[in-house]
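Coming up is one lone chain in structure tokens, specifically the form predicted on its own.
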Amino acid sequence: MDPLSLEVVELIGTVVGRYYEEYERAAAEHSLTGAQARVLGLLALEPMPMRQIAHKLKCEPSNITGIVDRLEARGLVERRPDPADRRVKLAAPTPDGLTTATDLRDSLNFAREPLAELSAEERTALRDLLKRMLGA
């Protein structure tokens, strides 16, 4: 790998590491694990079956079942039938779960502050480059 590519990879790794550190800290402030916070944040976007959550988070469905069980016990998530297929159960945030997910997202300053220093054009270019790297 050429030196420039190596530096880019190291910088991306540093950004990801800092994001996860802040995410874990924000989750802990709500007495959640990082995994629970990630599931709750995903469900705040849209209710979905456990298998889809596992696919998006790249983990085993059995792990998601345990996480959803714990979130449900705290009143942050509920299971409900999928209106499109009553055989499928969706995990969905409760009103308290939505509030917690919003609080979590709002407390993540790591990316917000550095991105605010970039112009709209620079943020757009960064977004487009990241999408291209991901094949989107």
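For every residue, the number given is its place in the sequence shown, counted from 1. Bear in mind that the values here come from a model prediction, so they are computed numbers and not experimental data. Here the rigid core means the biggest group of C-alpha atoms that line up within 1.5 Å when the two forms are laid on top of each other.
FYI, the form predicted in complex with a further copy of the same chain isn't displayed, but the following is about it.
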property	result
4.5 Å heavy atom contact with a further copy of the same chain in the predicted complex for all of A28, A35 and A101	no
Contact label in the predicted complex: R87 to a further copy of the same chain, heavy atom within 4.5 Å	no
R105 within 4.5 Å of a further copy of the same chain in the predicted complex, heavy atoms	yes
K58, heavy atom within 4.5 angstroms of a further copy of the same chain in the predicted complex	yes
Residues in 1-39 close to a further copy of the same chain in the predicted complex, defined by a heavy atom within 4.5 Å, in order	M1, D2, L4, S5, E7, V8, V9, E10, L11, I12, G13, T14, V15, V16, R18, Y19, Y20, E21
Residue shift check between the shown form and the other one, rigid core fit, R25 Cα at least 2 Å	no
